[in-house]
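Here we start with a single chain on its own, the form predicted on its own, put down as structure tokens.
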């Protein structure tokens, strides 16, 4: 099997390679030190199994796994963790395999033989019960079979259009956009601290607000730094926009 080992500690990765080699010398190994690198390696190498540490800088293991669930054929995930017994109940309730550090060879072999692929419902519940993800650091979209990430800090707005949501964002100083399958409602709930609903089809980043302008026809347009065109503010959401701008 091709196995991706994701851990921010080099010694932990080295130990896993050693144990996996003892179990089967024909296994192939790829390594990553955080969630972002893990996604890149999955795009490039298409591993069968990912041994995913949970607490890592940059992007943790639960968020990386959430993004990986968006691809057509995601790898099986085995979490590696130093959680105590109480926190591990969440994993057990979702029938998700995990390895408690320090990892033993026998337990690792058992996990490899019995691991199955997560489904999205399991992953959502796992994240909720562990409270490890306050919100994602990135939004993901699948483009021609490759998982593509956009950092939340670079996003200007989310615009709903029928079934899909368009993300407008800064790409190295150039305005870019991509389509995602998240709903505007779920995005509003997840990113309530940094984004604001201004219309039934628009969610904008709060710290990019530049001005609120009244048009000749009475409509109110909100100008965002970095976004050429203004976005309409509905009557329903006008008071919350005004309140935010006053504060």
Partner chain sequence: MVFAVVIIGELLAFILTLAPLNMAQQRWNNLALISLFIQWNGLMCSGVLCLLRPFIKNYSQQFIAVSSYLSVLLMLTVLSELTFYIMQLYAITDIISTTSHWEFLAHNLLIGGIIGALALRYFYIQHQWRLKIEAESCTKLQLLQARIRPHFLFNSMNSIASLTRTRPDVAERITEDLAELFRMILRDNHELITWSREKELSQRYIDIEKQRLGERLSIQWQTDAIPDNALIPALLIQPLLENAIFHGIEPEITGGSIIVSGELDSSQLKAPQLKISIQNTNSKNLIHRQGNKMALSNIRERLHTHFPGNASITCHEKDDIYFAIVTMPYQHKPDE
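What you are looking at is a predicted structure, and each value in this text was computed from that prediction instead of being measured. Numbering follows the first chain given and starts at 1.
The form predicted together with the partner chain is left out here; the points below concern that form.
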_Answer range among 51 to 59, 64 to 72, 202 to 210, 178 to 186 for contact with the partner chain, defined in the predicted bound form as heavy atoms within 4.5 Å_ = 51 to 59
_Residue-level contact is defined here as any heavy atom of the residue lying within 4.5 Å of the partner chain in the predicted bound form; does residue 19 satisfy this criterion?_
yes
*May I ask you to check whether residue 227 falls inside a 4.5 Å heavy atom distance of the partner chain in the predicted bound form?*
no
*asked:* Can you tell me if residue 237 lies within 4.5 angstroms of the partner chain in the predicted bound form, counting non-hydrogen atoms only?
replied: no
_Contact label in the predicted bound form: residue 23 to the partner chain, heavy atom within 4.5 Å_ = no
*Within 4.5 Å of the partner chain in the predicted bound form, which residues of 1 to 37 have a heavy atom? Give them in sequence order, or say none.*
8, 9, 10, 11, 12, 14, 15, 18, 19, 22, 34
